[in-house]
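Here you get one chain, nothing else, as structure tokens; it is the form predicted alone.
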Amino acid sequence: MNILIIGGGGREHSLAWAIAKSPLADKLYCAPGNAGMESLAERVRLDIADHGAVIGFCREKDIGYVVIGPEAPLVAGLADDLDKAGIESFGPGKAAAQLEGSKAFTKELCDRHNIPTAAYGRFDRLAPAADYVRRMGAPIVIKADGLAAGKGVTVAMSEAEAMAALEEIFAGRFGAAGAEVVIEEFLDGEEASFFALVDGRHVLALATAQDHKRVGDGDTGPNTGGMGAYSPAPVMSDEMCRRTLAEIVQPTVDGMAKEGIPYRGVLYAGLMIGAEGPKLIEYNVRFGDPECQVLMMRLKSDILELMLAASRGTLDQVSALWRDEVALTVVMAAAGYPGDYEKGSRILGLEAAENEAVTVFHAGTERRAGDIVASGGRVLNVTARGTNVEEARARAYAAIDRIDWPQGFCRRDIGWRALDREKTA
């Protein structure tokens, strides 16, 4: 079948890389894609916010399946409109995508179905929100309710920091996404990511991962969309995975179905693993970025077959097989990210960086006059496999050292938690 991949980041490049291996896949298209995807898929100029244009393109090119990568088109209802047009797609409809589109929606769902998560309050005005912070004290977590490109969350270690975050949100920094805020208790523990495919009823657990949100070594500096990740996450033991499925993911899927909002697609649970076990921090309704990159490097099964089963309600008839190896990815970002950064700098040495164990997924690149240039904040995902974290990390950083891009930077400590565990095991 012909397939259209919506999106142009590292997540979509890794999905295209995996889907292209499937015997079920014929011609691949991507909108908008990036320079790294050009060897796998034909890039098309398409306004993905114009659902009619997407549907028209699908009919013109006989697209049999649309893989929706980012959250914004899902929250906007692209999957619903494709379904109405008789075009099969991967990803939840608009109502189910509220799991990511509204943090308040998710918190209230957790309340109704006894899903463990942080205590919270929700507010649409600054004064009562500030009163709540003063009453609860710090540390405390401030979240813009809607989609804010991964930048709407502040883990405030002081009341002053919390107040500044509230003032910024209500002053309009995140637009409509900040019309409401959710304020949560601070959870102690170790963060991890758990991924599962869902077909409305059945759940197929995928793999775990752990990412690094802060921009600087030692988990310092502001939050970003992610500076690196690895899979599996050592903190997610077999028992912790079992509890996550039984206490968080399955009750969510059952609750959504019971309420008439069946969930189909990939469900990404951001977790805090503490003394009491797993608690839900947030849901995402798409693969993580850069977590998707390490998952695709480890997956042995046909990802397209698994996606189709999620779309068609047949997940109970398939299984996912994984490499025993660890996969680790390091994000190379443009200098200045996550603040202001320049675009257009030339990147050399990409071919020399890749080998059988290392793949460079592009996240923000374009091709200009034959050169690969940076076009975004997060630009490259240098992803490696190894027998353990130490080997995968060494391979990733060796590859980075072969890339000639003076205007780029990366963290040099990706995987430090897992590496500490390996050394003390």
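Note that residue numbering follows the sequence shown and begins at 1. Not measured: the values here are computed from a predicted model.
Only in words, not in the display: the form predicted together with a small molecule, which the text now covers.
K.L.:
Spell out, yes or no, whether the shortest heavy atom distance between residue 281 and the small molecule in the predicted complex is within 4.5 Å.
P.N.:
Output for residue 281 is yes: heavy atoms within 4.5 Å of the small molecule.
K.L.:
Does the small molecule get within 4.5 angstroms of any non-hydrogen atom of residue 180 in the predicted complex?
P.N.:
Judged by the heavy-atom cut-off of 4.5 Å, residue 180 is well away from the small molecule in the predicted complex.
K.L.:
In the predicted complex, is there a heavy atom of the small molecule that lies within 4.5 Å of any heavy atom of residue 161, even though the partner is absent here?
P.N.:
Although the small molecule is absent here, residue 161 would stay clear of it in the predicted complex, with no heavy atoms inside 4.5 Å.
K.L.:
Is residue 272 one of the residues lying within 4.5 Å of the small molecule in the predicted complex, judged by heavy atom distances?
P.N.:
Although the small molecule is absent here, residue 272 would touch it in the predicted complex, with heavy atoms inside 4.5 Å.
K.L.:
Pick from 95, 353, 141, 72: which residue has any heavy atom within 4.5 angstroms of the small molecule in the predicted complex?
P.N.:
Spelling it out, the residue with a heavy atom inside the cut-off is 141.
K.L.:
Of the options 130, 104, 155, 320, which one has a non-hydrogen atom that comes within 4.5 Å of the small molecule in the predicted complex?
P.N.:
Exactly one residue meets the criterion: 155.
K.L.:
73 to 81, 320 to 328, 87 to 95, 180 to 188: which one contacts the small molecule in the predicted complex at 4.5 Å, heavy atom to heavy atom?
P.N.:
Comparing against the small molecule in the predicted complex, the contact stretch is 180 to 188.
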